[in-house]
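For reference, the chain that follows is the form predicted on its own, supplied as structure tokens.
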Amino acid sequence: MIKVLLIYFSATGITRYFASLIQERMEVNGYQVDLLNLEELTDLTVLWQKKPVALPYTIRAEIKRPLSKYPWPYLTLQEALNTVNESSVLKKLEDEWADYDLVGFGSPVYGFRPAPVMIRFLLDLPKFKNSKKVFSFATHDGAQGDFENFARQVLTGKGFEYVGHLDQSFVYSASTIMMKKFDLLSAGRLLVRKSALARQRINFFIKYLDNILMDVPDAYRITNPLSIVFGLPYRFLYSFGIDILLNHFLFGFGIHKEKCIQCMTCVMQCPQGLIELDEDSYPIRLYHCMYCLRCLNWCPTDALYFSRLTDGKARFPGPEVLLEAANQDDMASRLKTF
């Protein structure tokens, strides 16, 4: 039996959901699959803060719109790639993963790259000596850019045999925080449709993996050169638009103290450990983060916001809530037919 380990980082729950779909389809096809949240594998906050790699939009925000007078010593992506040193904490993983035939690494897409905390984890991995087969998977809001090429570069540099990539867009979770109202039913129906598409893609990928794991040559993806050429303007405009949106409308950190119940949920949920408590025990963030949205989405009283554009707006409740809304509507429709 083929043993697979799926390791993921998920901010809004969408990547976790995608990982569960991959697990579901693989187990149907006879694989044995273990699912592992990256934050359960290691102390991600400590790991990242020792060498805090940040993507360009965060670094630009620190320069243009600092939240404090003390700059955070962020490493650019290139600096992080040029100073790769394995973490002693993670050296044991080569032995712990020895029984797995395949390992998958999953993350949301941030600036056409994995989440910075996932990047830090990958760069800190020991160099594997047995050429273990790995693949990457990603969730995004419409464009993943060079995510796959970056994952291949880093993972092959760690001694892995990179065999492929899966990606899927589900629901535009990032835009939720700018909406006055979030339609759970509409989003739930969209998630159901996208889930069906995801299962089809996963099934196709599994057929490819069957050949790869049995050392049968196969072509999984044939890229059309025209799609690359025509895709460049789209990717440029998408990246440019996202950068403008973040820098001019979203970056920041605000709190309505009259709403805050000082539960510390945001402090505990920040995967980068950048939210602290001020002298009055209210949350404060003095540095720009990767803007994963978790603090806003998890706040039980909606006391937090980034910029005024997100103040008093909707929050993303997670895929389970959306699926429940869609299922309840489906059940109600069936009852009406009786």
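This one's a predicted model, so the numbers in the text were calculated from it and none came from an experiment. One-based numbering along the sequence shown.
FYI, the form predicted together with a small molecule isn't displayed, but the following is about it.
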Joint contact, Leu5, Gln23 and Tyr100 to the small molecule in the model of the complex, by non-hydrogen atom at 4.5 Å: no
Heavy atom within 4.5 Å of the small molecule in the model of the complex: which of Val109, Leu184, Leu191, Ile202? Val109
Stretch from 124-132, 85-93, 166-174, 193-201 whose residues place a heavy atom within 4.5 Å of the small molecule in the model of the complex: 166-174
Could you tell me if Arg152 has a non-hydrogen atom within 4.5 Å of the small molecule in the model of the complex? no
Is Ala54 one of the residues lying within 4.5 Å of the small molecule in the model of the complex, judged by heavy atom distances? no
Does the small molecule get within 4.5 angstroms of any non-hydrogen atom of Leu322 in the model of the complex? no
Taking the small molecule as it sits in the model of the complex, is Asp141 in contact with it (heavy atom to heavy atom, 4.5 Å or less)? yes
